[in-house]
Every structure is written in structure tokens, then in C-alpha cells.
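Next up: just one chain, as C-alpha cells, the form predicted on its own.
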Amino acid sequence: MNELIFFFNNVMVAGVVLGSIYAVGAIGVTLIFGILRFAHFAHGDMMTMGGFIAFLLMLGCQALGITTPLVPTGFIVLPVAMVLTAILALGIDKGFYAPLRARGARPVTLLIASIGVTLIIQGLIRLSFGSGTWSFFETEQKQLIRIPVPLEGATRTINFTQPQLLMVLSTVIAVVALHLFLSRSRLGKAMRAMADNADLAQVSGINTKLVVRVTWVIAGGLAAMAGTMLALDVNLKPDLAFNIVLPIFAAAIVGGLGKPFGAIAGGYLIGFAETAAIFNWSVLLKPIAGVLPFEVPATMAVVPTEYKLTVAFVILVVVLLWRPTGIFKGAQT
């Protein structure tokens, strides 16, 4: 029984947490691609930027004596960080991408420009904060939640941290809010129409410039949310989300580019696949090792932990070979 609890903690709980980060990040990527038709590689650094904005807001609150014993201060300031990051996202679009679109730049040009924006954001973060590591819990305690399993022989508990619980709950709220916005609001329907056919949407009288601005606001806000929640779970550093931007893109492509709900499915698919691939499956076989016709090896992980990012690419290749438009039939990839 303890082995099953160990599996649940390291695969199921970790998969939900990792999948939530990938899903929220992939939603922003797929919204930008669906409306503007280019891959925004700076999205990971927008996540990092949002995390640092939340970190600065947390320091300001602590300096003013504003704290709460119930939830981390970094989570309390998250709505403000989302608004500020959304404003900066609008500024990035106006300063870098809008002039290129006005000149009829091709999507590959915008993609290359986004790589430049990535370097600019990282450079500014390193210039301002250095290359070290920071924690949201220098003066606060990260709470560990233990849930006992009322079964015979079970001595382990189901474990997760408070930031991880808040991360999953925030993801659910964000997904539901986005669904209601896209399906019921007039502006959300305009975004869906523009994602399907931008030219037809423009001749139909849809304010495409407003749709683009709203897209950047949503993408920037979700980037701040994903970056802050990731920093609350681990540590804050200048390349916080840079190393996971490729799995985030893989999640968006697997789910279907331009399909927000496909990005959610792709994020959780890759999150669970990664945690399952690095799990040592010999742990589950040890209790029955005496009746097996072979010796249980010390480790039966599919890939070592340091190579878990390759799992996303294997899934990506398989999906592209089997269904190039992704699971939810997004844009042709």
C-alpha cells in the first residue's frame, strides 16, 4: 500500500502540478498563435517576468507589514502582478510586433523577433536582479499538507504543498473563466471568429485591433499567473520558465494550435507523461519480487530525470505523424 501512495505522490500529484503549469502557459501560446498566427517564443520569459513582478510586490507588502497567515503573500499579490504583466505585454506588442505587422511581416519574421524579445527580457532581469536564485518563502513558511490514507498497512501520507494546491485551484478557476469568456461574451466570440478566419472577421465589422489587444492582455495575465505559481512551487531565477517553454509549445501543438481547450489537454497529457516516465516503476514490483520469474532491477524509470524534457518531444513527434493538426484539430503544424 505504501508503494501505491508513493506512486500517487510522485506521478499523480506531480503530474497535476506540472500539467497545470504547462496548461496555463500553453493557453497563452495558443491564443497568440490563433489570433496573430506566429509562435511567441518569448512567452516563457513573460512568465518569468510575471514571477519577478509578483516577487517585487510581495517585498513591498512585507515592507508595509501586509501579510496573511492563511496563504502566501506572493499569491495575494498575484492579481496585481497579472494586471501589470498584461500592461507590459501590450507594451511589448506595440513596441516590437505591431510595427512589423503594419509592414506586412511574415510569421517567421515575428517568430525571430520574439526570440530577440526573449533575450531582451532575460537581459533586463539579469541586469536588475543578477543571476542568483530567490525564494518567496525567505520570511514565510511553505506549508506542507499531509493527508493520511485510512487503509490497513498504509503508513505514508498523500503529500502536497499549499502553493501546489493553490496552483491547481487557480488553474481550474482560470480555465472556467476563459471558457465562459470565449463562449458567452461578445468579445470572446469575436476572438474565436478571428482565430478561424481573420480576413472574414475584419470584413464582418469585428474590431480586430481590439481583439489583438485583448489577446495580449489575456496571454500576459496567464503568463504572470503561471510564472508566479511556478516560482511559489520552486525558486525564482532569471531562466525560471525558459527551460519549460519548449514543453509548453509541445502541449499547445499536441492539443491543437489555436485551440485553448486543446492546450489544456495537451498540458496535462505531457505533464503526466513526464512524471510517469521518470518514475522508478521497480518500487511497485518490490512487494511481489519473490513471485516474479525475473530479478527486479534497481531502477525501471523510462528516462532519467535530467532527460524528462525529451518525453514532450516524443509525444509531439508521434502526434504530428498521426494527426498533424493536433488532438483538437487546430491549425496545420
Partner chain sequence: MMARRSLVLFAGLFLLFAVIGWVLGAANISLLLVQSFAYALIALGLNIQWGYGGLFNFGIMGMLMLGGAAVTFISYPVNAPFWGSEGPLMLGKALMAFLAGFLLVWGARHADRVGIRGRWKSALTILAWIVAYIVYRSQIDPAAAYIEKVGGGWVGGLGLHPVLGWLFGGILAAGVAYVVGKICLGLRTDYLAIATIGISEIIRALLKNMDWLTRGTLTVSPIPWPTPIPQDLQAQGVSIADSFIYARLGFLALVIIFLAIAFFLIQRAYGGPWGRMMRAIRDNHIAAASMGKNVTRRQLEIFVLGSVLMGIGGAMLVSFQQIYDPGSYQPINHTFLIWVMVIVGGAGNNWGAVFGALLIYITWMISDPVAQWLFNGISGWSTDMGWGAIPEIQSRASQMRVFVLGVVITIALRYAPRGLIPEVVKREV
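Numbering follows the first chain given and starts at 1. Since this is a predicted model, take the numbers as computed values, not measurements. The term rigid core refers to the most C-alpha atoms you can superpose between the two forms while keeping them within 1.5 Å.
One more form of this protein exists, namely the form predicted together with the partner chain; it is left out here, but the text below deals with it.
Taken together, the three residues Phe33, Leu111 and Ile253 all come within 4.5 Å of the partner chain in the predicted bound form, as judged by their closest heavy atom. Heavy atoms within 4.5 Å of the partner chain in the predicted bound form are found in exactly one of 301 to 309, 260 to 268, 66 to 74, 278 to 286, that being 301 to 309. Proximity to the partner chain in the predicted bound form, defined as a heavy atom within 4.5 Å, singles out one entry of Asn197, Thr139, Thr155, Ser128, which is Ser128. Distance criterion of 4.5 Å from any heavy atom to the partner chain in the predicted bound form singles out Ile115 from the list Val83, Ile115, Val149, Val234. When the partner chain is considered in the predicted bound form, Gln122 lines it closely, a heavy atom lying within 4.5 Å. Contact between Gly95 and the partner chain in the predicted bound form is found at the 4.5 Å heavy atom cutoff. Contact annotation for Trp216: none of its heavy atoms lies within 4.5 Å of the partner chain in the predicted bound form.
Within 4.5 Å of any heavy atom of the partner chain in the predicted bound form lies no heavy atom of Pro79. Using a 4.5 Å cut-off on any heavy atom, the residues of 214 to 253 that reach the partner chain in the predicted bound form are, in sequence order, Phe242, Leu246, Phe249, Ile253.
Relative to the superposed core, Met12 undergoes a Cα shift smaller than 2 Å between this form and the one not shown.
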